[in-house]
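Just one chain follows, in the form predicted alone, and it is written as structure tokens.
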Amino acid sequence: MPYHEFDCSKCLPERKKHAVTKGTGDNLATALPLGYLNTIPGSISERGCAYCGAKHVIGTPMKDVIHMSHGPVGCTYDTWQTKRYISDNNNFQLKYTFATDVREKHIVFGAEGLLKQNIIEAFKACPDIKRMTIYQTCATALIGDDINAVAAEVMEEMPDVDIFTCNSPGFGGPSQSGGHHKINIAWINDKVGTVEPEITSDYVINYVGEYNIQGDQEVMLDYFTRMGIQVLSTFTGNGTYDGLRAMHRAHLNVLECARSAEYICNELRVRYGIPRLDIDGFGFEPLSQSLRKIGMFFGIEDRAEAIIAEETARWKPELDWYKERLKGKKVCLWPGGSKLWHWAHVIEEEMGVKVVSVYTKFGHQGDMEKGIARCGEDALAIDDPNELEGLEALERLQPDIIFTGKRPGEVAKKMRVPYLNAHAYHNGPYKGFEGWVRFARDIYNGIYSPMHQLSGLDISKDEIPTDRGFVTQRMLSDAHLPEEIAKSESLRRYTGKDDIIADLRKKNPPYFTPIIKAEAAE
């Protein structure tokens, strides 16, 4: 196995098996690091906890819900607002976060009374919101507070409200992935099947594992709507509490992020017989194949093909403009979980950007298997890296850009490596045909930013060149392009709007006349 040992981690020999370099002819049998294990003591992990995985990643994107953390106020603050999962109800779930503010005296005497008081106060403060999720934290789990009993007591006293409880304290798994699993299973156990929805189409889906980062869900929703598909619920970005209680009536579960939400898809298949179809909204070809698969499932392939043809004709010349200028650039693909394999092959095929490293903080062995299979030779694959290993990898690989989260991203900037926020995006949405062009535009802007050219100068000691004038991105990117490419009239830069979601929300697409087969038969 071609393990890679970091110099900075030689004092932690167990770390050696968590990184490999994919060599010529290597496959998963010969190049696969260990993954999804407890972080090795002494290695400062960048992982989140199971509470974070349940609340921050999956629970909070639900838009019409009071999200209450039962614990110290710091737990809820550190899982609030950093993900940009917008919603079409004026971003209620982003504006407000709630905590019971547990303190030392509550650890001694219990905090169930405090929780009940906070639940009632929160509902009175937000009289239009009748749904709540309560998240257990480490402190209140250890003292044994029964959040289920308190929630049941309040629902009996306030019959117009409904409360979901999530028992996923921070210590409930090796990483945030443990929290993903717990909230998936808790939701289907407690809430699915408790609301009967109105069915308006012959084609009904749950859109699962989609969190509406900067509008991703709304872009995909537009495609589904144009195909005449009713989206019963979205788990969970821009999704509603009651919509998710009705998941049992869908004909198909369309799964986007398998790492965070395959658990509920699998349970819906076992308990309700709803099949699962994995799709990918990133990249022209993966998205086209995904729309075709959904179309084939329902027998409406022609509707999918019409959308693919229209969107490709509109946006492909703009994607190719960036591809010509990004060819050969190197990227470290260091997102949290499944994006490493969603993006590994397609950014190289469709943008010309070479992936020189992949890493995952909370991905499972399966995520790393897919990521390594899709990236090219010489790529360095790392499981659960610490900051020093990240720095060492950047020094060795010398990437032109890095796709990662804010914390490692800020470190990379200090090393003069531009970064794009792979978790919350810079100028998304990135899903959809237009979104993929926006992603390419952000990569281009990062790599060719004149500011990064200047950032290498130390004005306290370096000689400042005075023989050069102002330099633009275009001057940098086109300096070595063939003239026929640089001046091509068939290729063009991104021409969309800064905010494409506002227009989508006003849109009234050509719906197909819904025909319910059962009713027609009668």
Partner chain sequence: MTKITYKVTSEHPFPADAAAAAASLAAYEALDDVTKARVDQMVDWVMKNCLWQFHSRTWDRKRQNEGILGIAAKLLAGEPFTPQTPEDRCYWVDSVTLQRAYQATCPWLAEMSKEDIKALMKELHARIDYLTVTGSLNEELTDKHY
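Numbering follows the first chain given and starts at 1. Keep in mind the model is a prediction, meaning the values are calculated, not measured.
From this point on, the text means the form predicted in complex with its partner chain, which you will not see here.
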**Q.** Among the candidates Arg84, Lys330, Lys370, Lys116, the residue which, in the model of the complex, approaches its partner chain to within 4.5 Å (heavy atoms)
**A.** Lys370
Q | Candidate from Ala486, Leu476, Leu34, Cys52 lying within 4.5 Å of its partner chain in the model of the complex - any heavy atom | A | Leu34
Q. Heavy atom to heavy atom, is Lys361 within 4.5 Å of its partner chain in the model of the complex?
A. no
Q | 4.5 Å heavy atom contact, Arg374 to its partner chain in the model of the complex | A | yes
Q. Can Arg292 be called a contact residue for its partner chain in the model of the complex at 4.5 Å between heavy atoms?
A. yes
Q.
Check Leu491 for me: does it contact its partner chain in the model of the complex (non-hydrogen atoms, 4.5 angstroms)?
A. no
Q) Going by heavy atoms within 4.5 Å, which of 403 to 411, 68 to 76, 87 to 95, 265 to 273 lines up against its partner chain in the model of the complex? A) 265 to 273
Q) Are there residues in 1 to 29 with a heavy atom within 4.5 Å of its partner chain in the model of the complex, and which are they, in order? A) Met1, Glu14, Lys17, Asn27, Leu28, Ala29
